[in-house]
Ligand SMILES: O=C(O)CCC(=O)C(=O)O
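One chain is shown next in C-alpha cells, namely the form predicted on its own.
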Amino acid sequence: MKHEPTRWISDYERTGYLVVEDCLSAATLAALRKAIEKITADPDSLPTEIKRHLDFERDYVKKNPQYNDLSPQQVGNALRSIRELPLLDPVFADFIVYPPVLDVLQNLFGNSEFSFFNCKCIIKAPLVSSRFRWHRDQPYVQYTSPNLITAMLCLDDMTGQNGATIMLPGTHRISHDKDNPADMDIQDKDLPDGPRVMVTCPAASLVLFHGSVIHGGGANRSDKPRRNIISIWAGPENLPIAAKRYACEGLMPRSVKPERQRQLYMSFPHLFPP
C-alpha cells in the first residue's frame, strides 16, 4: 500500500469517500477469502450457532421484491451478508488490528482514539444478487455523533457488471437528521442533485466513506461473487447509545491510553505477547 496521507485526507474531506488500492497483502486476502468460502459453500448445512448470523438472499427478495428481478426460488441459497464475523473465525477477529487499515483510519480521524463498532461481510452472489437501496450507514449505527467511517475491503474486483458501489460525493456535508429512519431506504425522487460515481477498483482495495454519504449499488449479474468485508469505526469521544453491543465493539487498536492498550493486549494475547 502506498502511503499518501495528504491525498487520503483531501479526497475524504472533499467527497466523503476514499479509495486506497493494495491495502491487503496477498496472504491476508487469501486467508479472508478462504474463511468466507467456508461459510458460503453450503450455508444451509451450517450449525445453528453460525446460521443465526447469516442473511439469505431468498429472505430479502420475499420482503423486497422491488430490488430483484428474480424470485426467492430462483436465487437459491445464496447469501446476502454474514454478520458478526469476529465470532465466526479468528482470522476476522485478528483483522480488527490490521495495521494498513488502521493507518488510513488514524489519518482520516486525525486522532488515535477511534474505536471499532462491528464487522460483517456483504455478498453479491453471482447472477442472482439484489440491487442495494440508496441509503446512509449512519442510522444503523446509534452513536452520539455522526463522526463514523465505514471501511470496505474488497475481496474481489469491484466492477460495473458485478454491482460496484455507487457514491453520491459530497452528501456527507448535507444537513440531515442523523437518526432519520428514512435514510435507510432513500427513494430516487428524494436524492439530492449531483453526480453519481461508480467506485471500481481491484481486489485488495480499501474503500472508506463517511457514515453520512449516500450510496447504493446495482445487482451482480456476472458469473463471479463480489464480496466486501465491512467494518465501521467511531471517532474520538463518540459513544454508543443503543442497548445492543456487537462482538469486540469498543476496542481502540491505536489508543495511547494505558488502560485501552491493556484491553487490546488482553483481547489478542497471541498478537501482543508480554
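This structure is a prediction, so every number in the text was calculated from the model and none was measured. All residue numbers are counted from 1 along the displayed sequence.
The form predicted together with this ligand exists for this protein as well; it is not shown, and the discussion that follows is about that form.
Distance criterion of 4.5 Å from any heavy atom to this ligand in the predicted bound form singles out 152 from the list 152, 79, 88, 96.
Note on contacts: among 40, 222, 228, 212, the single residue with a heavy atom within 4.5 Å of this ligand in the predicted bound form is 228. Residue heavy atoms within 4.5 Å of this ligand in the predicted bound form occur in exactly one stretch of 169-177, 116-124, 99-107, 189-197, and that stretch is 116-124. The three residues 132, 137 and 165 all sit with a heavy atom within 4.5 Å of this ligand in the predicted bound form. Along 1-18, no residue reaches a heavy atom to within 4.5 Å of this ligand in the predicted bound form.
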